[in-house]
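Shown next as structure tokens: one chain only, the form predicted on its own.
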């Protein structure tokens, strides 16, 4: 089957059809995939059968991998490049991160160099629930009311890790994509603490208005996972959130492998 790119929603997202990621990808095919990633921000590869090594090798086509600063036992044994997202337990202990992404966020935004993007591979899924929402922050910026753009101006914001409050970074509220040159909204409810140079109440009020704007349905694609899905999102211009409505259900098994591509410092 020839390589095809099929748009998934008006907001963002596309499915890549006719590509087996367990095999080497020709340079011409990779160029098309890379272009589709820049154009659609989220790519879905269905019915993949990947070993950890194959997922790592495909991820590295986009750049060096970034080790997630999670607890060591959340990484796949023998493959430190892979973070395990899972509700499975062994001997009464979680085998990975159970409650990843409960709020809208961009990965590792509290670092000086947040990630370029993440690839999440679905190995085992529940019969229902567990969707992932993706929000297009380029469109959100373009449609942001002028008064909110003016209120932010060129300000930066403070980001902090939810697990380690000593991990801090200041990034532009409006980020410029290093490859496309397009601006997007970069702040998020999970990791952004305040806008620099503003009183706490004013900062909180402005961020709240921006978040409400960003969460409008016109900017969002909700991905319904199937076993074998590999989803690759552009962390520089996309927010995402995981559905955790069944997280406490012992029959709810959601087991995934994530690789993270290293990024650069936002400007």
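Owing to the predicted nature of the structure, the values given are computational and were not obtained by experimental measurement. Residue numbers count along the first chain shown, from 1.
Although not depicted, the form predicted in complex with a small molecule is the subject of the following passage.
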Query raised in the report: Looking at the small molecule in the predicted bound form, is some heavy atom of each of 107, 233 and 258 within 4.5 Å of it?
Result: yes
Query raised in the report: Are any of the heavy atoms in residue 101 no more than 4.5 Å from a heavy atom of the small molecule in the predicted bound form?
Result: yes
Report task. Tell me, yes or no, whether residue 132 is in contact with the small molecule in the predicted bound form, where a contact means a heavy atom of each within 4.5 Å. Result -> yes
Report task. Indicate whether residue 242 is a 4.5 Å heavy atom neighbour of the small molecule in the predicted bound form. Result -> yes
Query raised in the report: Is residue 82 close enough to touch the small molecule in the predicted bound form, meaning at least one heavy atom pair within 4.5 Å?
Result: no
Report summary line: The one option of 140, 120, 116, 195 with any heavy atom within 4.5 Å of the small molecule in the predicted bound form is 120
Query raised in the report: Using a 4.5 Å heavy atom cut-off, which stretch among 175 to 183, 147 to 155, 73 to 81, 93 to 101 contacts the small molecule in the predicted bound form?
Result: 93 to 101
